[in-house]
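First, one chain by itself: the form predicted alone, in structure tokens.
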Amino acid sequence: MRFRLTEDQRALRDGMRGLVARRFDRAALRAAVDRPGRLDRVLWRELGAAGFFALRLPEADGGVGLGLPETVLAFEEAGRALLPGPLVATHLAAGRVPGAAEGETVVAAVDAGGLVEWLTEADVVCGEVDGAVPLRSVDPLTPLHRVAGVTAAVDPVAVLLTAAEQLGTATRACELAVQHARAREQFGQPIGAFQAVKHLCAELLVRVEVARAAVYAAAVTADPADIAAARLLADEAAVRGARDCLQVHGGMGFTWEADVHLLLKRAWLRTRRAGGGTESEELLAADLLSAAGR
């Protein structure tokens, strides 16, 4: 199996990265942190106009007509920039909920764990939300509600797109750590010259590349067990990557002004989405036992 991107896939990834860089740079990210709970509807419509929510919708239905591999590339870029909003829920609703594909309608959803992201900003909510209670979210850019007694099935595509976002966040953590290790000097040389820091950066990159291979492979096979494995690797790359990035930044990394905590908090939150890591562990274990004939 080859994972070299085609020219069209590279163009899609670069186009998505360019759009995000123009519309949601660091200044926009920090501005969003200062107004928690408010979704940028203009940005949402621009994502819709770019085809972000309609990537897998057939062209005959007004969509882009692409597949899971291309969608994973787009969500990886969204995760790299920490784009806020119910991206996965709205993408999954394209073609079913009027306006979702175009970004005119914001769609939230009750996931298998009973959590609902962006409930109060949503125009449409998939699932029963009677009795939903607000939670204090660890991520300042993701308001949360909880619905008790939910037993919804886990959508493998939601798991895969969550893994893609985690991969993007892990990539960003690696970039920030290496950038700081090159620029910050101690004892007359960049801190990246010291083995303790150098090894942290190397481990960051290894986890990112292992997770990338797993996520891209799962996008090709769409096998639930492959998706579960990819999710676990991407969760580890994002959470441990953000922690190691914080370690490289030292005391500065613990401050509100540094972006490292935003990466870590979003990564933590995604580990609970779509059934959480436990659901993926159980699915993967059952698949391995089945393959072993037990």
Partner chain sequence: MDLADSPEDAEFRARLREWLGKVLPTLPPKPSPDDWPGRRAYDLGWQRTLYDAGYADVHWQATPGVRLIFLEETEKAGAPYVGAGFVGLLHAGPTIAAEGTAGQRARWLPPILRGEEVWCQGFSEPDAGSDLAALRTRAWRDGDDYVVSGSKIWTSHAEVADWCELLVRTDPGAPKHKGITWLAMPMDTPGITVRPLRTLAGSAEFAEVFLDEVRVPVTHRVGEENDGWRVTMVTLSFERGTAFVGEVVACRRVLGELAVAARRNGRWDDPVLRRRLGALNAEFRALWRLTQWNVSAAEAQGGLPGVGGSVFKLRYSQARQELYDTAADVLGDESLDADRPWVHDRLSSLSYTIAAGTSQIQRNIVAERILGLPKGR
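Residue numbers count along the first chain shown, from 1. Computed from a predicted structure; not experimentally measured.
We do not show the form predicted together with its partner chain, though everything after this point is about it.
Of Glu102, Asp155, Glu203, Asp123, the one that lies within 4.5 Å of its partner chain in the predicted bound form (heavy atoms): Filtering the options by heavy-atom distance leaves Glu203.
Any non-hydrogen atom of Ala193 within 4.5 angstroms of its partner chain in the predicted bound form: Within the cut-off, so yes.
Its partner chain contact at Thr221 in the predicted bound form, heavy atom, 4.5 Å: Contact with its partner chain, yes.
Contact flag, Glu282 vs its partner chain in the predicted bound form, heavy atom cut 4.5 Å: It does: once its partner chain is placed as it appears in the predicted bound form, Glu282 has a heavy atom within 4.5 Å of it.
is_contact(Trp118, its partner chain) in the predicted bound form, heavy atom dist at most 4.5 Å: No, Trp118 stays farther than 4.5 Å from its partner chain in the predicted bound form.
Segment that reaches its partner chain in the predicted bound form - one of 164-172, 212-220, 102-110, 124-132, heavy atoms within 4.5 Å: Of the options, only 212-220 has residues within 4.5 Å of the partner.
Triple contact flag Leu19, Val150 and Arg243 to its partner chain in the predicted bound form, non-hydrogen atom at 4.5 angstroms: No.
Contact set, 223-257 vs its partner chain in the predicted bound form - heavy atom within 4.5 angstroms: Heavy-atom contacts within 4.5 Å come from Asp223, Ala225, Asp226, Ala229, Leu232, Leu233, Glu236.
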